[in-house]
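Heads up, what comes next is one protein chain in two forms, each shown on its own as structure tokens, labelled structure 1 and structure 2.
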Structure 1
């Protein structure tokens, strides 16, 4: 692609490496010019207020000292800094508004966990309306339940998923615990750490029932089996296994999937006492469609020479909105509108995230939690723009949103379809076409000349396609950068070892020099 240079003078830091001077994570805060530094400071105050309100609750303080994973959230402020490195103007605002609400959503999840937890507050009335929901599941089966009657509790999100973003070492203890109990070391560290948390008795115990899914991989089902047995045998919490067909693009499996969704809803009704409400469902279906339209509009802007909402914040925001929320929180509708308005303004004014754009990149594969901010680093260091990622290329269908007898039956098929197309499963299952062929279609649609392929060492589904990706990228003239990692465990590949793989490709294959050589190597191994 042609190199695009930022026509506007960028106030503030020109060499971001000064922030890491002396081996410290941050020597000081980034200077972005008065306007953007002031805005960044106000968002810092907002996060302080969110965390301050949280810690003022005595039950939350009790939970902080009961669960070891809570200490990871001391790194929230620095974690936010990593996501905004080098950003100005609309890019800074889009990233703050989106990721700040993700943080607020996770904070509320922790509050809900502690409220119902038998060890902390033990609010039995609240707990009996809670449904423990698998982190890897869409929450579509909750769309027709009013929040006061049945509430989804994704307790694995704060214990493993979000914690690993802020502290790269957050799950090491739990992985070791799981392996001490005989779980193999080559299992994906995500379900292994979740199983380890359960074995280590570090999960909140609440809820009238639980719903687990088969949507990711065999390792995930292994971990779910261990967790389910403990829930059922020790805590008396019955668990429903919601199974999505492997061949999710085939029409002949949809009836089975819809029937299983009906059974899951009936299971929740039986154990919570809640009743499915069609008015509630169809209002949330409208929210889901609005989310889908806004995400597609953002991707349309990203297909232009001036993309606006991309990188890790785009991925994590869509994960939270599309899968964890699934139309249930109306605030996401307002926030989607606000983010799209900012993106449209940035596009009109030709705003750029960095001084120079050299390559347009699709990020494919399962991305590592402990260095998910790398997408901003490769932009600032090498001018490679991460237009979108595999986990964001999800459902584009509109689901039925009008309450008619026909649409009530169609709703079960729609919820099943959403469940089959959760953020990871819709690419790692369903055959060769969804994982390989559609990648090249996205490259054409997004005008990408590069693919960064995350090679998760414990993910057998993607690793088996290595040769096919190489051969087809070569045929199409697309630069393919392989970057190995182990998802949650930094002991296999450290942060700098991951960056070095990208550095090596850019220097030896692309024959390029970094935009900002001061951040090619960062002393952040001991950083939050």
Structure 2
């Protein structure tokens, strides 16, 4: 592609390497010029207020001392800084507003966990209406329940997933615990650490029932088996297995999936006493459709020469919006609108976020990009713009949103469809069309000349396709950069070992020099 040069000089810091000193946290925060530094400071104040309010609650303090994973939240601001590196103007605002809300959402879910937790506040009345919901689910089966009657509690999110955003070492202890009990070391660290958390008795215990899903893979089913056993036998929490068909694009599997969805809903009604409400469902279906429209509009902007909402924040926001939320929180509708308005403004003003854009890149494969600030680093170090990622290429279909007798039946199919098309698994399962063929279509739509392929060494879901990617990228003249990692276990692939793979491709294959040589090698092995 032709290099696009940024006609404006970036305010503030030009070389970002100065922020790293080899410690757990950065030497200081980034100087972004007066206007953007002041904005960043006000968002920092906002987060201080969110965390301050959280810690004023004595039950939360009790939870802090009970659960090891809570220590990772000492690094919340560090996580935020990771994802705003080098950003200015609209992209800085979009990243803050989206990511700040994700933080507020996770904070609320910790408060809910502690409220119902038998070891912390033990509010039995509240707990009776809680449904422990697998973090790898779209939570579509909760769309027709009012929160006060049946509330989804995704306890793995604060315990494992979000904690890992703020501290790269957050799950090492739990992986070790799982391995002490005989789980092999080559299992994906995500389900392995979840199993370790359960073995170590470090999950909150609450709820009248639980729903687990098979939506990622056999690794996660292994972890779920251990977790369900403890839930049912020790804590008396019955667990439903919601099983989404693997070949989710085939017509003949949809009936089975819809029937299973009906059974999951009946199970929740039976154990919580809640009643499914169609008005609530269709209102939330409207919210899901609205979020899909806004995400597609953001992708349209990213297909132009001036992408605005990109990087780990884009993917994390989509994760939260589709999976954790799935239409249930009306604030996402307002926030989607605000983010799109900012992106449109940035596009109109032709805002760029690096000195030059050299390559337009789609990020594919199973990603560790919450643990490392890789996507922002690619932009600042090499001028490679991450247009979108595999997790953000989720559902594009509109679901039925008018309450009619036919649509009430259709709704089960729609919920099943959402569940089958859970973020990530909609690509890692379902055959080569969804994983390989559609990638090239996206490259065309987004005018991408490069694909950064995350290769998660413990994920069997993608390994078999390696050769097909290689062959087809070559045929199409797309630069394919393989970057191997071991998800949330930094002992196997450190951050620099991850970046080095990208560096060597850029130097040896592309024969390019970095835009900012001070960040080509970073001393952040020990950083949170």
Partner chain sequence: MSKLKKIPLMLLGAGGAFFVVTFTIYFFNLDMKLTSKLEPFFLKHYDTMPRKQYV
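Every value quoted in this text rests on a predicted model; they were computed, and no experiment measured them. The term rigid core refers to the most C-alpha atoms you can superpose between the two forms while keeping them within 1.5 Å. Numbering follows the first chain given and starts at 1.
Matching each structure to its source, the form predicted alone turns out to be structure 1. In the core-superposed comparison between structure 1 and structure 2, the C-alpha atom of residue 517 has shifted by less than 2 angstroms. For residue 25, a C-alpha deviation of 2 angstroms or more is recorded between structure 1 and structure 2 after rigid-core alignment.
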